[in-house]
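Next up: just one chain, as structure tokens, the form predicted alone.
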Amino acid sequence: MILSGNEFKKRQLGVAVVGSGRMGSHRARLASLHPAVSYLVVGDINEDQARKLAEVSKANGYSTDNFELINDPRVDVVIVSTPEDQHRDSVEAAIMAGKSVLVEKPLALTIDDGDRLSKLAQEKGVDLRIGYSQRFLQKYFVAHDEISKGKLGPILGGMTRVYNTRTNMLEILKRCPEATPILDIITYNVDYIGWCLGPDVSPVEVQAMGHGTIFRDQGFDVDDISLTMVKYSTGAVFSFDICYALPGGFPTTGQSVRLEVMGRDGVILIDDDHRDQIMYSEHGYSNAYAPDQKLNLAFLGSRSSGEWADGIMFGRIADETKEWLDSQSTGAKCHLTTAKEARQTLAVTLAMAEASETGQPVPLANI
């Protein structure tokens, strides 16, 4: 089969990365390696941090003014990698400028902000995507594909749980106290289960319980462990449980996940605890979330974002960023979370937080 020249046509991209922290650094370095990116600028309110990222990523420039980057006429698409509570203004500015946006999860921290951004993107015809990167781990992507083909039959329900250390959670809370384990971490699994169930299935009720003293002793009003459950419109029920308070010396440097999906005709069980990759070194293994921490014993591959090795990134953030840039350059299919999906996930996680605090079920009608 001979393809026409139009089928090979690629649009060159100008990319602005707003936020030069951990995620922004990954995104900028990945963008600099993408063949469709011909112009790259990065920014951060911390000028030294922005300058250093510009040097590492070989960007064309940097700024401490996010809006200067977003409105640069050479920029076609925007990646917003600011802390969770700072997403709204940059995303809104990019939408108003008519530029496609990839923003780190969650879309926002309140329903009002989520509704505003989702509605504005629809009105302006802007492609707004949210970085729920768990979709892009091979095991989860393949599982979704099999579920979408009906291999499990009607879904009955299942469970997810995720563990991490208090060291990592404290780093997140210091960055943004509102980024609780429920709003910032369970949200990955809520997004994934919603993706597997499909667009015609909606959550209808949430129940939750939580308890903790570790983070409260550090000044954060956050439970150490939360056990939650969601009922969906088909009758399917899923648990979403989290403990981000494991001892600091526990050998994971990222999320340890279990996921089970039960169907009438089959089941998928995913073990993502990373205990199949263990390293011990007297020289130590660095924790990307807490650079000052060195672990002698570590689960390799447990860094949630992925791994850089010899100048190449492997893992979910790399695959997600590449697909998004591919889609912007060529119009290829994009599997990243839509604003509508992200808004639903936000509603579920906010209901989980409310149910955990009040001890009462929270209905989700008309979300």
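This structure is a prediction, so every number in the text was calculated from the model and none was measured. When you see a residue number, it is the position in the sequence shown, counting from 1.
Just so it is clear, the following notes concern the form predicted together with a small molecule, a form of the same protein that is not shown.
Using a 4.5 Å cutoff between non-hydrogen atoms, residue 188 counts as a contact of the small molecule in the predicted bound form. Within this chain, residue 66 lines the site of the small molecule in the predicted bound form, having a heavy atom no more than 4.5 Å away. Contact annotation: residue 46 falls within 4.5 Å of the small molecule in the predicted bound form, judged by heavy atom distances. Remark: residue 294 does not count among the residues lining the small molecule in the predicted bound form, judged by a heavy atom distance of 4.5 Å or less. Across the options 204-212, 265-273, 237-245, 126-134, residues that bring heavy atoms within 4.5 Å of the small molecule in the predicted bound form belong to 126-134. Note on contacts: among 175, 74, 216, 139, the single residue with a heavy atom within 4.5 Å of the small molecule in the predicted bound form is 175.
With the partner omitted here, the residue from 289, 163, 195, 285 that has a non-hydrogen atom within 4.5 angstroms of the small molecule in the predicted bound form is 289.
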